[in-house]
Ligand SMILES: Cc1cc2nc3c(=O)[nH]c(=O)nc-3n(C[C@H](O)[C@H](O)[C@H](O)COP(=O)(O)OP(=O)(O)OC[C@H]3O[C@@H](n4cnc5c(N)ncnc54)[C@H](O)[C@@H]3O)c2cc1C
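For reference, the chain that follows is the form predicted on its own, supplied as structure tokens.
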């Protein structure tokens, strides 16, 4: 069989599935891209803060494996994304992040600073001294502790002990989702199959059968290769192939509130509050505000192979209640948030599932949720299952999946 005549199925049209499909199309393959919802890229790859992590948040992983994985993803993020879509980084990035060390943080400023400086050093090595630019714009990575006299305008000292100024950024995931959606819809090599839930994959001699359901009807199609790039359904579909996770896992549902009003940089700092069960504010300038407060916004927890359909559980009133309680908690810690003026119609309190190894929540030292290095591709013959891990590593993983399918890695 000629390589380019392989019949390939990609399960899941989120960020990873879309990027893999576009890369395989560039390499001359035709793919069927399955999505159980009515539109692609409307779930986890849409409802998150879009941070292109450089490892700072993973200071609890003393092996440095997680931070290293994030740094590799960050160094390649924009380079690979621009293979598939025409995106301009300056149109979608946030203001740079401040890291606010909350009272009761799992690590103090001295411990965090040692980790941050190692991240900066490894970034310099991975980027070849700036030959590969972070987000296509920045030559270096920095994190510096602010003097106490400069803290008050950013974080409330009643809650915050120390603040680091960094050159870490987020990209607006909604902007990227729009661009990727346009690309897959216009690509003649990609057959997007919507409203179709994949229920199982089965071996049929040397091929694989994808068993799915659409409008109550069961559909069976055979493929030479199958890539499981789902998120909610990853473990459930793997199980039909006799594949179990690498350890105990959990699904968490977390609200990713967006306020769709344009801002200036000085209106609100982008912040990550560390280290534990805290939250974020992200100033996307013309593209609005992201905010999430974990103690209120983490509303769902499941250790089943497939979590509940959380998106359908919460009413609009319940979603707004989560937003308002999160907003109140965050503005106590980031006072500038309380100065924002916006109509309630500008609020979009969406949520998303987080799949990770670990069953102890992030407020505990022993939590495995502080690690994200046991992610990536697991191949079983011509069946490839991919745990995306974090948004940051999607473009890098997409390239690795395409290489794996071609037997290159």
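Positions refer to the first chain, counted from 1. Bear in mind that the values here come from a model prediction, so they are computed numbers and not experimental data.
One more form of this protein, predicted in complex with this ligand, exists but is not displayed; see below.
Using a 4.5 Å heavy atom cut-off, state whether residue 395 contacts this ligand in the predicted bound form.
The answer is no: residue 395 has no heavy atom within 4.5 Å of this ligand.
Please check if residue 358 has a heavy atom lying within 4.5 Å of any heavy atom of this ligand in the predicted bound form.
It does not: once this ligand is placed as it appears in the predicted bound form, residue 358 has no heavy atom within 4.5 Å of it.
4.5 angstroms heavy atom contact with this ligand in the predicted bound form for residue 255:
Yes.
Residue 34, heavy atom within 4.5 angstroms of this ligand in the predicted bound form:
Although this ligand is absent here, residue 34 would touch it in the predicted bound form, with heavy atoms inside 4.5 Å.
In the predicted bound form, which of the stretches 349-357, 374-382, 59-67, 336-344 has residues with heavy atoms within 4.5 Å of this ligand?
So the stretch in question is 349-357.
All of 13, 198 and 391 with a heavy atom within 4.5 Å of this ligand in the predicted bound form
Yes.
Interface residues of 208-234 toward this ligand, as seen in the predicted bound form [heavy atoms, 4.5 Å]:
Counting only heavy atoms within 4.5 Å of this ligand in the predicted bound form, the contacting residues of 208-234 are 229, 230, 231, 232, 233.
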